[in-house]
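This document opens with one chain alone, in structure tokens, the form predicted on its own.
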């Protein structure tokens, strides 16, 4: 404990520096949260240690506030190690933890609004978005800023609803933390099968004995992995430990919440991006003071100020959404394991299609594998077969008097007819949003491209506009070429095009689209899931959102419209990611009492990815894929570090990259490649270039890169992003 008057180093949130010296105005220990003045504003930081700047005492500022709260010393070590690995400055890592405005401010009275539900009011898209925003926060009153940020509507929409009485004003003090506190008990209403029980007991022994360990809960789709890690969560919670159940955002559905509440008698506290600022403060403080012990959340939940964290479960551990690429580049799975190793508690990784990195760690004995090989409740795995499009070409169909190119083969159409006749549901998967990805002139070759990004714009029939999938910019669709005046035409397929074909071939069938354009919130997804469960949808057509662990008992047919789409990318992970995606989508079929089947349309029926999916030989496929990576020294057998340089002026960007290339060190056992223009050269009017550093897994490349980058002065309006073992190579 440092006494008042001691000069201490304070790590300040959101400041890239490793810390500044301040004079304590009250006693504080290492890890204590303090408020300090930086550039005439109060920022939150933590006491890092004794001051070491060497500045005269009269030049050192006083700490403004000493808060009655701290983070464990182990977490300070985690901040340091994460910074060393990712090359995110320590102050920016702390920002991920102290990411709540006014985190230590007392409750306050604000102008809040309640939603006035009027059954006679017309449900417009904006009104529905606002309803969903309130629903995602238990219908608590919200500020105008919260409504706007969560519902993604304009201020004018909110003003109109206030004027018309759709939103009712009222001053209300922020709720206290007790609204987020629940007491849980295991109701004992779930009977695990033998494999589940063995896995649960193994993890339970590790929780009981303490210490670091990583378990891969490797279970086929529908094998009941969720109930196994629920059991683990209960064992840690009953010992007074805190528990984080981490999952991809879109997987946070009512199905999961219902399972949790039926098992433990109370709902989980949920952490995700669509919470109000007040609710985020409540949960953050509740975790800090140890009153909230279980959180179900997305990757950012890892950075809550946990006290006595005793278990982290990472569901769908292979999912690429755990990779953060905005506020610093890190992989939440890897950082969770690092946190567990430093603090000494177990981690559970759950997946039916584990990542290559996780499988290699199992192979070398770092992680322990727990296998679940049968579906829970006696359900059978679906039969998976390919449709060779070279022999079973799709036929055309008519819309009015106009003949249209078809994309569904006769065999798939027959299977859809048979499924519908049996009263069952079907799913069609194509991982491409919109109606047509290419809008082009037939004569001169002009292509509709985004003005701010170097990518083509996709036509979305639902909104009647062209949409850039990088920046969200929209533009009207012109029927004639702006260069030569000839007709433009649409090439390629998206899920809206498939919906049009399904509607034309099966006029009375009820369809629904599932993509990030349509599923704008958890509430929208939950309504669609309920419609499927209630039999109100016959065929659901969607993108990779459909692969996220949903359970539809009456869904017996899955059709993959274009199985070849991800097979031939330049990314060395293309085969792995395609296998994971298609296998997860296939796993939605036949999860109830009816047998399921999966049909994969392809021009490459003998491709190793597709033959492995059909035979169920995941392990054989991954062994072959990893042999190729080992030969090429690609992760997990090598390390890649991408350095992405972005600039608003091309000349400045190119000059800076050339200066970096000139200053590049000579590495033994590693190499620096670049600079080259990024695959997508321009995003939101920022031009982009890349370096790629490749070396062995035992090489300490990060310090070398840090010294290299620091040698060259960084111009104004240049951004440098460093990505260790990148997933995105665009």
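Just so we're clear, the structure is a prediction, and the values are computed from it rather than from any experiment. Numbering follows the first chain given and starts at 1.
Same protein, other form: the form predicted in complex with adenosine-5'-diphosphate (ADP), not shown, and the subject of what follows.
**Student:** 222, 141, 91, 310: which sits within 4.5 Å of adenosine-5'-diphosphate (ADP) in the predicted complex by any heavy atom?
**Tutor:** Of the listed residues, the single hit is 222.
**Student:** Among 440, 227, 499, 242, which has at least one heavy atom within 4.5 Å of adenosine-5'-diphosphate (ADP) in the predicted complex?
**Tutor:** Here the answer is residue option 227.
**Student:** Please run the contact check for residue 122 against adenosine-5'-diphosphate (ADP) in the predicted complex: heavy atoms, 4.5 angstroms, yes or no?
**Tutor:** No, residue 122 stays farther than 4.5 Å from adenosine-5'-diphosphate (ADP) in the predicted complex.
**Student:** Check residue 393 for me: does it contact adenosine-5'-diphosphate (ADP) in the predicted complex (non-hydrogen atoms, 4.5 angstroms)?
**Tutor:** The answer is no: residue 393 has no heavy atom within 4.5 Å of adenosine-5'-diphosphate (ADP).
**Student:** Heavy atom to heavy atom, is residue 339 within 4.5 Å of adenosine-5'-diphosphate (ADP) in the predicted complex?
**Tutor:** Because no heavy atom of residue 339 falls inside 4.5 Å of adenosine-5'-diphosphate (ADP) in the predicted complex, the answer is no.
**Student:** Using the partner position in the predicted complex, report whether residue 190 sits within 4.5 Å of adenosine-5'-diphosphate (ADP), counting heavy atoms only.
**Tutor:** Residue 190: contacts adenosine-5'-diphosphate (ADP) in the predicted complex.
**Student:** Heavy atoms within 4.5 Å of adenosine-5'-diphosphate (ADP) in the predicted complex: which of the stretches 190-198, 339-347, 381-389, 96-104 has them?
**Tutor:** Flagged stretch: 190-198.
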